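Quick heads-up: it's one chain on its own, the form predicted alone, in structure tokens.
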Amino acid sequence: MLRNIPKVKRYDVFELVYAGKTEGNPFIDYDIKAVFKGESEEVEVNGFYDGFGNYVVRFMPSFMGEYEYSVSGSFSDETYNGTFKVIAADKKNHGPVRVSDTYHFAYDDGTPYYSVGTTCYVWELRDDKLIAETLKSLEKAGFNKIRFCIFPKHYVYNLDEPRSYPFEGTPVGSYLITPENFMEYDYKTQGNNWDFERFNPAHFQHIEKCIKELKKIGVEADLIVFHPYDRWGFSNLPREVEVRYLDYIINRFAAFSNVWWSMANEFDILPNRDDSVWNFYGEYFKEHDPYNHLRSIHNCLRVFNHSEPWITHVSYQRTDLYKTAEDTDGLREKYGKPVVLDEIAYEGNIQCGWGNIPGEEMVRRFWEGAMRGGYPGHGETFLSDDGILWWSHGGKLHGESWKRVKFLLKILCETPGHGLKKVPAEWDCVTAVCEDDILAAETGYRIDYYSFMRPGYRGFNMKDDSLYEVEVIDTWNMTVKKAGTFSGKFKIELPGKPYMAIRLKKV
């Protein structure tokens, strides 16, 4: 007789919900845990209290086949056991993103992943209409990662209240917040009334809904755990509250395959924390996340020591007014990890220098970073009558750089192997080849990027007798034109305008 057991797809979430004890404070007084065992893995997870007497455990299976589970804990006087079957993943679900070939990324099933992300700090804490518009914009642009905060954000151009808060309680009353006084705000004197021992499950349920929607369109959710832009008291919590918060988000979010962890946005301006605190929190994620999701920390003025073993990749905000993607070389060499350029300034027209570069310069930084073996991030800060800026709220994209994201991603996906690296072939351009030296030699794959320079032609003198198919790439107009097949010494005509590249592939 065939057993009718539950089924879940590989890399999806298998969820179990149980009614449990509610006396006292269920967020602190009781626990729930489970062991999931299959032929190829055995994973222990902790669950969480989801309100209304419900306790939840979640599991993301990495292999197909039959699994058995056992759920126990002080939440109930019973132990629960069962079985389920894991079937093949959806064709577009490749599992969590991992580090691959030292400087690059691949999904868990080995499919290469090329990060071309954007930043919308609190898009998920806006109204449903704006959230839906943001998701459409992400899909249209072709972004495959988005950075955003779990806590609400208080900063210029983002001064209203969010749709929900992470703790039970009430925010400030009638204190008038303006662009002039927003940095002088003192949450301690303005009447916040939070119960830091009780989470607000609705806040986290909504974030989970947004993570699921991102997964549907192939976008990684780079979750910012802490940030300094705050008027509610969430940026300087007691340490025991912060650790309890870490447990809660790990237990809730880790089973979603498209989650990344960013310890902080601009770690160096958060109050009352030295590097030892960040290292403790980073190691905490490394130890307690059953699925070993990617982990990073983002800087303001001072770059963190990314050599720390808990850090999987460099998350970088430029620290110089002019130099941005050019820093990729030094970061790769110093830390020996993938470099994600999460903040290289924003295309826009606000008064701040970090938020008013032109689209052409943003796209140049995309390509400059990518050709140097890094992964660029987008941002946009255009003023509009409705006060909605993509950088914080999401919504519609108004600039020019986002239109060129899919084209760059297409070029990156055509790379033999898993990624590019810069080589010193020419002094006056950036030359990128395959990261794998053997593969680079076999394929002869090479892209010369000329940035803001405007050559009318380029000469080549190849040292072997191979034939090379040559293409001229216009990175701004998003065209690839075949120039012919050549060997030895040859010349390629160019239009004498910026943002051009030449790609060579051995025949």
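Note that residue numbering begins at 1 and tracks the sequence as displayed. Being a predicted model, the structure only gives us computed values, none of them experimental.
Beyond what is shown, the protein has a form predicted in complex with a further copy of the same chain; the following relates to that form.
- request: Check each of 428, 109, 127, 414 and return the one that places a heavy atom within 4.5 angstroms of a further copy of the same chain in the model of the complex.
  value: By the 4.5 Å heavy-atom cutoff, the listed residue in contact is 428.
- request: Taking 4.5 Å between heavy atoms as the contact cutoff, choose which of 38, 455, 51, 444 touches a further copy of the same chain in the model of the complex.
  value: Here the answer is residue option 455.
message: Taking a further copy of the same chain in the model of the complex, would 238, 244 and 280 all count as contacting it (heavy atom within 4.5 Å)?
response: No: no residue has a heavy atom within 4.5 Å of the partner.
message: Can you work out whether residue 88 and a further copy of the same chain are in contact in the model of the complex, taking contact to mean some heavy atom pair no more than 4.5 Å apart?
response: Result no; residue 88 lies far from a further copy of the same chain in the model of the complex.
- prompt: Is there a heavy atom of residue 342 lying 4.5 Å or less from a heavy atom of a further copy of the same chain in the model of the complex?
  reply: Flag for residue 342 set to no.
field: a further copy of the same chain contact at residue 383 in the model of the complex, heavy atom, 4.5 Å
entry: Because a heavy atom of residue 383 falls inside 4.5 Å of a further copy of the same chain in the model of the complex, the answer is yes.
- request: Report whether the minimum heavy atom distance between residue 323 and a further copy of the same chain in the model of the complex is within 4.5 Å.
  value: Answer yes; at least one heavy atom of residue 323 falls within 4.5 Å of a further copy of the same chain in the model of the complex.
query: Taking the partner as it appears in the model of the complex, which of 290-298, 227-235, 375-383, 249-257 has residues with heavy atoms within 4.5 Å of a further copy of the same chain?
result: The contacting stretch here is 375-383.
task: Heavy atoms within 4.5 Å of a further copy of the same chain in the model of the complex is the criterion; list the residues of 325-363 that meet it.
output: 326, 347, 348, 349, 350, 351, 352, 353, 354, 356, 357, 358, 359, 361 sit within 4.5 Å of the partner.
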